[in-house]
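Quick setup: one chain, the form predicted on its own, written in structure tokens, and binding and motion questions come after.
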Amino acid sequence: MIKAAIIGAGAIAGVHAEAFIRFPELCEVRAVCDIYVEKAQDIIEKHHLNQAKAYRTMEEAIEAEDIDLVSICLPPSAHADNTVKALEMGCHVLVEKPMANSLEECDRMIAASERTGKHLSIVCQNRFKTPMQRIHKMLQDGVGGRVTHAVVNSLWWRGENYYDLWWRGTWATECGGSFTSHSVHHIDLLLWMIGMPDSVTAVMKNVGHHNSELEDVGMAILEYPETFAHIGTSIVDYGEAQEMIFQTEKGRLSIPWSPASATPLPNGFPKQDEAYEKELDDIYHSIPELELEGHPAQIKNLLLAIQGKEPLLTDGREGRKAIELIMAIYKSSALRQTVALPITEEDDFYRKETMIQKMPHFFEKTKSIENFTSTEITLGRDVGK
């Protein structure tokens, strides 16, 4: 039986708790930790973690409960140090996205995992959903031919008071706005689908959140040898419409699913190709639906990987890719230039301390509260459904 601890008792901790309790034959949550111990106790009671105790620190919980796996649900600035500490204390680690505040921190986490021989998994829960799995397989199988153009619209809405929470809204504590805090999931999916680009050109701005130094809208253009892509990010979009579109040589593959294809008329204008659209639709629906999706599916994979029964599907090197692209986006926007990848260790945007010196302060954070009165979160439209 794998003994697990949830580190951090914010809103996402409840999602992890509900996922863990679905696998009583594999694991048991023995601890929930938070500097506000009463919040940890609330998680235990709300999610009926009957074998768990509340602790103030991760170290105390690991030693007291002989923990095998920690699930880190802390602010991003606390991910790296706590991950390395947990790995060195003999625990496997699951970390919420974004993986860390910098590539240097990502590399420290990966090195600690490799040094200790313990699994490090980064939350990429959207990979474990049927629409994403279907599109990924179709792209890997070359359905439609080469991808010519990809579009990612990662559009969300957050009130101005979203940034009142103490750790949000500064480069030092959050190290990124909408690209990092929200669009990181879509960025991860894009890189999983078509890989890392050769270069990035980006712009960003803060148009609606005056208690934040960070961006709340942005656009990134990605160049590949034979593909062009762009990512739109926003937390000022009512309706939170989100989509991923992959235009291939023969037709469109998309999330949400909406196939399209055309053949050219003699003058080059399009004529709908209903036969190929049906072929695409048949292929899409021939790929089986997942029995388990999202956080539960990823956590089950990690639990089975710990037992040696499955390969780990989302390790530290997979999580690092999104951070590298985001750092290239920030570098491009801050310096107003096209940025080539990869980001090397000598680059100012490899380390947090030198990166944040280059970033603009759109506004200054003037209001800060320790906790919100409500921990309810809404996650917008479930992409693909």
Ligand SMILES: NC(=O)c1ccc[n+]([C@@H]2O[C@H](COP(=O)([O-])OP(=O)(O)OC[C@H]3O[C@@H](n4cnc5c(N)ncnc54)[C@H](O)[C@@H]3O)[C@@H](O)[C@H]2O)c1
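Heads up: residue numbers just count along the shown sequence, starting at 1. These figures come from a predicted structure and were not determined experimentally.
Missing here is the form predicted in complex with this ligand; even so, the following discussion is about that form.
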His209 versus this ligand, in the model of the complex: is there a non-hydrogen atom within 4.5 Å?
no
Is Glu213 a contact residue for this ligand in the model of the complex, using a 4.5 Å heavy atom cut-off?
no
Interface membership of His47, this ligand in the model of the complex, 4.5 Å heavy atom rule:
no
Please check if Lys39 has a heavy atom lying within 4.5 Å of any heavy atom of this ligand in the model of the complex.
yes
Which of 273-281, 235-243, 164-172, 253-261 has heavy atoms within 4.5 Å of this ligand in the model of the complex?
164-172
Indicate whether the candidate residues Ala5, Arg22 and Gly90 are all in contact with this ligand in the model of the complex, with contact defined as any heavy atom within 4.5 Å.
no
The unique member of Lys85, His119, His230, His185 whose heavy atoms fall within 4.5 Å of this ligand in the model of the complex:
His185
Partner-contacting position among Ala202, Ala80, Ile135, Cys73 - heavy atom within 4.5 Å of this ligand in the model of the complex:
Cys73
Just to make sure I understand: among 24-53, which residues lie within 4.5 Å of this ligand in the model of the complex, judging by heavy atoms?
Cys33, Asp34, Ile35, Tyr36, Lys39
